[in-house]
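Taking the form predicted alone, here's one chain by itself in structure tokens.
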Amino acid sequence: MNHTTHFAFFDEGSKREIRRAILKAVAIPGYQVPFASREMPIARGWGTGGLQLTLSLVGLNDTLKVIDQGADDSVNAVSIKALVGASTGIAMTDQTSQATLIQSRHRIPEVPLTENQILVLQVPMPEPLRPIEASEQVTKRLHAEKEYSGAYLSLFEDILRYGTMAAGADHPVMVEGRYVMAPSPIPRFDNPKLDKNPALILLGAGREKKIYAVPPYTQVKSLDFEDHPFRVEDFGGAHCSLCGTQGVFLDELYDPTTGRTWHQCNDTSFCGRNAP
């Protein structure tokens, strides 16, 4: 650990400001809390919002896991671990069950989370109404009035155009029957994991300067219609070619030289734990 800098990079005043925003987000599930997003030694769009949450929460006794689209060894994940490790000296792990703090881009781990864990999700666009309304002032009013007909209309247009709700990721959710929330670009497969999850789930958008939260055991329901219920991805009974697991989120791989197609677990540490 480098003792010439603050523990976890930030000064204590910055950490307190971000923690206050986190407390407000936890108190109002799904509500986007503005915060003074700091300049970070990584580019915006590469997880600065999530990283600020992690740096504000991490303690000496924590164990950190960082994943990027299911992988623990991607450039984004390795870079974030290097920064947190250099400024804290805390333990790192690839195993979900061993981590007290998990920062993720685009996935919720396959291993179920517990009450003793915090999941931090990186968010590029926190406003679920942005595709239908460009004005921040208007979207704030729509949230205040619980006026979400535009969000449902967007899903309805997908059904008319494609025969189904077409969003492959970031499918909007209703939190505790009150706020429509962007779950971050997790696949539809992960949306049900948000509902009544025992872990605290925090979402941070550095570029958009917003923090929001799903407290433990909070009701989270994906937006849908009675005659078009929400459905997760269907892998048609496929299993992982490495560990044989079914019922998890799978990547489809293709070899153009042989024309062969196969599947592997997207969550690399889960696959490694289950591989024979």
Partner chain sequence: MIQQQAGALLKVRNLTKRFGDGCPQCLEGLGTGNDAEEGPLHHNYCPICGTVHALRDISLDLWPGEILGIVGESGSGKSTLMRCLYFDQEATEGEFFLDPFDGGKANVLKVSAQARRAIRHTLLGMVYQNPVMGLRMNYSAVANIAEKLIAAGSRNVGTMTARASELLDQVNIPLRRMGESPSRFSGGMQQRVQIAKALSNRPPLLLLDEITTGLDLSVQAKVLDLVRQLQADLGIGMLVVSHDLGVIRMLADRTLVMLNGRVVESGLTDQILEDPQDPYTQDLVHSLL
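Numbering follows the first chain given and starts at 1. In this text the structure is predicted, and so the values were computed from the model without any measurement.
FYI, the form predicted in complex with the partner chain isn't displayed, but the following is about it.
K.L.:
Consider the chain as shown here, without its partner, and state which of Asp195, Glu157, Glu176, Glu136 has a heavy atom within 4.5 Å of the partner chain in the predicted complex.
P.N.:
It is Glu157.
K.L.:
Contact check in the predicted complex: Arg231, Ala238 and Val248 versus the partner chain, with a cutoff of 4.5 Å between any heavy atoms. Do all three pass?
P.N.:
The answer is no: none of the three residues contacts the partner (heavy atom, 4.5 Å cut-off).
K.L.:
Quick one: which of 222-230, 64-72, 46-54, 203-211 gets within 4.5 Å of the partner chain in the predicted complex, going by heavy atoms?
P.N.:
Of the options given, it is 222-230.
K.L.:
Please run the contact check for Leu142 against the partner chain in the predicted complex: heavy atoms, 4.5 angstroms, yes or no?
P.N.:
Close contact exists here: in the predicted complex, Leu142 approaches the partner chain to within 4.5 Å, heavy atoms only.
K.L.:
Does Ser149 reach the partner chain in the predicted complex if we count a contact as any heavy atom within 4.5 Å?
P.N.:
Residue-level check for Ser149: yes, a contact with the partner chain.
K.L.:
Looking in the predicted complex, any heavy atom of Ile132 within 4.5 Å of the partner chain?
P.N.:
Output for Ile132 is yes: heavy atoms within 4.5 Å of the partner chain.
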